[in-house]
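The chain below stands alone and is given as structure tokens, in the form predicted on its own.
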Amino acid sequence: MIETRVGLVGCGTVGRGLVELFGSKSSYYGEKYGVTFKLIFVTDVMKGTAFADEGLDARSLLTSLEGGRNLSLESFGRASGASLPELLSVARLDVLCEAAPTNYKTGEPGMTILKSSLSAGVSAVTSSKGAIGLDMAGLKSLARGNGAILRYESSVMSGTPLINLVRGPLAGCDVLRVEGILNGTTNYILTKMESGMSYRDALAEAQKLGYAEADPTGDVEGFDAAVKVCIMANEFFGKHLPIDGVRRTGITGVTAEDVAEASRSGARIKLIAGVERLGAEVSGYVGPRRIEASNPLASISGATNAVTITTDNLGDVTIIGPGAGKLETAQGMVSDILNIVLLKHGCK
């Protein structure tokens, strides 16, 4: 059995989902993969820090997190007041999981968290988009230089394995274009507008359901999708695109009549994000587009994500799945952790 010592930074929705999976599926991970996870510490700027060298009890920890209690006041361990570098120096981690909120322009706090981990030779998994979109190449170089591994599957389509699909089963294919629906909030809003809702009412419903933030700018103006395009450009084409280098238009200018007119002709309006290579040039784009019924992306409703990968050997391959959610995003992180652990132990 491979014992894996894990630390977690960020105890919001995704972080709680990861703790939940560690608690509910521990036996499965052991039986299926021969891997056991020891959660050594969790730390969150709002919720405090809990540390236990022998491993935290995931179910007790989840109860505390769901109850909104400050972890530093719980009897979980001795390093409750330590900074992240101090925690890393004593935790003897195999993998650090970063699930903090993200800033698209600065990459913080994820950038500092990931650099701290990789500089210490600790492999890292992240669900945040900011740092990976801003400097994937630099973070990968830092990981290689310190004998660590960096993974970020959850940064694009939550737990839907777009990155691992291209790295694995599609290996050997030349990828020409990757485009699709990468923001569930805007797809939900556009779907509701098809039923006659105004943009304003559809946005309000999305906010009520938790799909959209109180300030929805990142979603509706296309920033969230644009930073995912930056990640895809680097991952699939080795090209760094700054977020300002992505052609970007949001959905705020889409009217109910635009949606109705498309629907009358059998088409649908979707916010399409993509990256493509033409010769030596790689370009990224985000914007509302009229999608004909014959396109697989036309059938995608609600908060679901879908991406079509255009390749030389297989033509178009479309992957559909959740693009958000507590357990869905945490699943992507678990997949990355298992990938790192099995790779390090020569099992993959």
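Predicted model only: the values in this text are computed from it and were never measured. Sequential numbering from 1, following the sequence displayed.
This protein has a second form, the form predicted in complex with another copy of the chain, left out of what is shown; the following refers to that one.
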(request) Give a yes or no on whether each residue among K25, Y28 and T160 has a heavy atom within 4.5 Å of another copy of the chain in the model of the complex. (result) yes
(message) Under a 4.5 Å heavy atom criterion, is I320 part of the interface with another copy of the chain in the model of the complex?
(response) yes
(request) May I ask you to state whether N70 is within 4.5 Å of another copy of the chain in the model of the complex, using heavy atom distances? (result) no
(request) Indicate whether L278 is a 4.5 Å heavy atom neighbour of another copy of the chain in the model of the complex. (result) no
(request) Evaluate G34 for contact with another copy of the chain in the model of the complex, applying a 4.5 angstroms cut-off between non-hydrogen atoms, and reply yes or no. (result) no
(request) Among 52-60, 283-291, 296-304, 38-46, mark the stretch whose residues have heavy atoms within 4.5 Å of another copy of the chain in the model of the complex. (result) 296-304
(request) Only one of A260, L165, V90, M197 comes within 4.5 Å of another copy of the chain in the model of the complex by heavy atoms, so just point that one out. (result) L165
(request) Taking 4.5 Å between heavy atoms as the contact cutoff, choose which of A120, A82, L170, A204 touches another copy of the chain in the model of the complex. (result) L170
(message) Need the contact residues for 330-345: heavy atom within 4.5 Å of another copy of the chain in the model of the complex, sequence order, or none if there are none.
(response) Q331, V334, S335, L338, N339, L343
